[in-house]
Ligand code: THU
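In the form predicted on its own, a lone chain appears below as structure tokens.
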């Protein structure tokens, strides 16, 4: 399963638009339905308008009607070898988007293994916080 998700992330990475950083990122997220949604980073000359691969994948899943997200794979680097051997940790904005839709123990597959969302974003806030209080 993890190999399929990583390959889907690599497929997404192939569509990356990164003329400024030359750092191509791909992400694949598995929804509760079992379907895999991919995303890639899309850069813009106005850097704040750039969108990360992870958010693209999450938004694809949500737009398709997924209500539960199971796991995500992220790959990134200047070339395929780097993308498959060096972990590409999601940025803070992507982690916060994941926190909106995923529990703290949401698994994120990187080149060095599986990590939980709470490892990267221990002080999260979002919809799951409200649910835990009730």
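Positions refer to the first chain, counted from 1. Quantities reported herein were computed from a predicted structural model and do not represent experimental measurements.
Absent from the display: the form predicted together with the named molecule. The rest refers to it.
Residues 25, 52 and 90 are all found to lie within 4.5 Å of the named molecule in the predicted complex, as judged by heavy atom distances.
In plain terms, the part of the chain that comes close to the named molecule in the predicted complex, with a heavy atom within 4.5 Å, is 42 to 50 out of 28 to 36, 61 to 69, 102 to 110, 42 to 50. Taking the partner from the other structure, the named molecule in the predicted complex has a heavy atom within 4.5 Å of a heavy atom of residue 21. Contact residues in stretch 60 to 83 (any heavy atom within 4.5 Å of the named molecule, taken in the predicted complex) are absent; none meets the cut-off.
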